[in-house]
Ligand code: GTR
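There is one chain below, alone, in structure tokens, taken in the form predicted on its own.
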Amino acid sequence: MKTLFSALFTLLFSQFAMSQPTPNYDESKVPDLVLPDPFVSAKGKIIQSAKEWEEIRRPEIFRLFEEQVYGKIPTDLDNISFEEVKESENPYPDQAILKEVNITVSRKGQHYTMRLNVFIPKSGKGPFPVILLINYSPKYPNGQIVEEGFWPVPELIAQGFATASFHAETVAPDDKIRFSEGIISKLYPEQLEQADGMRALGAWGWGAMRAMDYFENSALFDSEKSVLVGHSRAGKATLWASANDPRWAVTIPNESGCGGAALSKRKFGETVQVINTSFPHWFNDNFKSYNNKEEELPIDQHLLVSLIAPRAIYFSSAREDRWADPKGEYLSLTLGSRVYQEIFGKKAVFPLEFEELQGPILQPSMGYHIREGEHNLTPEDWKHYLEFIKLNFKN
């Protein structure tokens, strides 16, 4: 009986494993890249000026990402309020003031509250530039403060920045069954019925936008010197949030991979089919039609980079993080730099091939680094981020 049970278990496990899509780590299997041109409109018009970009091509690209990948981020609400509460002990009382802020949004008779943790320097004179981290760490499911390496509050405070974070779970649970239990079902239930409706990544981006509302409404912050940072899945949300919200001066997605910084059409590491199978709640329903059909996508992530132009953007990768396709992330940034250069006249030069990269590339508007190690957000990453941020905020 035991032998029969073992045989049945092995058979069922094997069938399950065979049904799961597998990532590709073989560069020889990467197809020839045929990518949409940022400078040719849907009607074939050649885009040559910032005016044509803003009025014709950018709206086209934005709608395609909205319809085919991420879903909409609704902007309508009836009321928003901010209330300070005191529930946690300040771990850095000598360096910073801790503000725990409940952000409550009302729409159509319903309301929802998300939590924002904010640290403000005790020394120096505001308003302070502000760095927001979208956090999703499973160690802190209720929105508590995260560990220093992931969110280095003392270092950021010492450099003169205010810094804040909210946990994705306080906006939309990172769960394929429960993802709608936050703002989606409470405030925007109609999105669930739409194939291009908001899902988890869009909801997290919505949370970042509400944090920005708070920064703009407080004299403590210089919201024009604002930075949005996210790691991995939160990096994907960071990119989409910034594409929707031009109030972010600097956008930093760390190791955001498929559906984030990396080119989908490379089919390297985590593919569209893999990500939609493992995390069906992240993207809208239409994106699933491109499972194993990346070549049919009318857009790719270099165009998401272009949506953020001319604001500053910085990509970062890790050499052992093949799942996130570091080469695809770098190519996406370099291809997206064409809009920065040719439309907005920004210095955005990436002369090195991916295989030649050593130290970070730091320049106004665009930057990149790849470090040794695995998938993580580390002090080394933050060191380069601060260098890039200061370069862009020096005036």
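In case it trips you up, residue 1 is the first one in the sequence shown, and so on. Small disclaimer: the values here were computed from a predicted structure and weren't measured.
Absent from the display: the form predicted together with the ligand. The rest refers to it.
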property: Sole residue of Y290, W323, F215, F179 within 4.5 Å of the ligand in the predicted complex, by heavy atom; result: W323
property: In the predicted complex, the residue from Q95, S137, Q273, S232 that sits within 4.5 Å of the ligand by heavy atoms; result: S232
property: One stretch from 165-173, 311-319, 232-240, 110-118 that, in the predicted complex, holds residues within 4.5 Å of the ligand by heavy atom; result: 232-240
property: All of F279, W282 and H375 with a heavy atom within 4.5 Å of the ligand in the predicted complex; result: yes
